[in-house]
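Take a look at this single chain in structure tokens; it is the form predicted on its own.
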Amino acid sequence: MNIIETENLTKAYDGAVVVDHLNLSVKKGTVYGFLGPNGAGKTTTILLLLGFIQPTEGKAYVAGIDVQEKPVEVKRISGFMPAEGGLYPNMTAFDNLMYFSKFYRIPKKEAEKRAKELLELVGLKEVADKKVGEFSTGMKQRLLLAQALLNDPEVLFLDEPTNGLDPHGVIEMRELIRELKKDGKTVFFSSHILPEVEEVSDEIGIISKGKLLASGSQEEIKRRFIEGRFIITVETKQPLKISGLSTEVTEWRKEGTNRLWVYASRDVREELIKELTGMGYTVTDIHLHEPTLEEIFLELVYRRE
């Protein structure tokens, strides 16, 4: 079952398209990493999915609810951790959570219990009575996550959750995301940092300039990327000094002195060996190359531009 669906979701500001006919499908109970460079449209997409802003065109559904028609219902079942801000520095961590619990009309005793549980969950139990203005960036990020969980949401939207964190804080945030998944929550989080997304996501969406370039599991994205596009690496004993190849290839390039990258619509390894051998080269290694997610990301987002 898909808990998030969009149909040609589009947002434009003064004629500039920020989110461009986006079609997303996110399965319930999964971690979906929304990956893209800064300015790709990630935050705008999250705001559209939560009903904070209205689309120029298209539809969005969260748990089957039409976001445009019933934005309050969507907010009731969702949690949102913004990339920055949203906390009151002169209030304690506990008081911040108590204040925000009023927006969900959580009874006081229940809110107190919930706030204490969440502060323990995110590792802030010992600083519950400390003013947030004295918190480190990592502590603030964890408190924002606790705030997003106040209403025990079905779907959690995290906008750049590791923004500004040190390596230890990044690891802690990843572990928290894994725990939330174990609790049955759907986590939709944006990031411009590939290893983050790669580490914890069940499925990934790659976005650039408002367009969804790829979506699915890492294996699915790799499979679609190489479909009809074979990448072959060749190494020779002698330095390569060739100016072209007659073998059926769409592109080729040299790397260093002894390695050749060949792009073809089919497996042309046999032909390559024959051709290079005929030129007097000794082929020491030749194999099909499976691109990493990083290579795919760079190719989709930057090299196509």
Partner chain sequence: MIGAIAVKEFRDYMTSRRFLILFGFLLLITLLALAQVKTGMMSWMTEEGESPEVYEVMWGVTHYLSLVGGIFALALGFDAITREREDRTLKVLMGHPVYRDQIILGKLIGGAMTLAVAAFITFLVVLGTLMWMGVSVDGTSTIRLAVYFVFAYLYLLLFFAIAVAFSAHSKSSGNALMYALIFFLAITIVFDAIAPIVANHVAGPQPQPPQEALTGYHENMTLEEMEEMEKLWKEYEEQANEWSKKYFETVETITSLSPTSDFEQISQYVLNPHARSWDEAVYYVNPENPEEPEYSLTESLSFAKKEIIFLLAYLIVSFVAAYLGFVRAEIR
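These figures come from a predicted structure and were not determined experimentally. Residue numbers count along the first chain shown, from 1.
Only in words, not in the display: the form predicted in complex with the partner chain, which the text now covers.
When the partner chain is considered in the predicted bound form, only one residue from Pro107, Gly184, Gly85, Gly228 comes within 4.5 Å through any heavy atom, namely Gly85. This chain is displayed alone, yet in the predicted bound form one of Leu144, Leu194, Ile206, Ala111 has a heavy atom within 4.5 Å of the partner chain; that residue is Leu144. No member of the trio Lys254, Arg259 and Leu288 reaches the partner chain in the predicted bound form with any non-hydrogen atom inside 4.5 Å. Contact with the partner chain in the predicted bound form, judged as any non-hydrogen atom within 4.5 angstroms, is confined among 96 to 104, 111 to 119, 163 to 171, 229 to 237 to 96 to 104.
Looking at Leu47, you'd find a heavy atom of it within 4.5 angstroms of the partner chain in the predicted bound form. When contacts are judged by a 4.5 Å heavy atom cut-off, Ile53 counts as touching the partner chain in the predicted bound form. Although the partner is absent here, Lys222 lies well away from the partner chain in the predicted bound form, with no heavy atom inside 4.5 Å. At a distance threshold of 4.5 angstroms between non-hydrogen atoms, Arg76 is in contact with the partner chain in the predicted bound form. In the predicted bound form, the residues of 9 to 25 lying within 4.5 Å of the partner chain by at least one heavy atom are, in order, Lys11, Tyr13.
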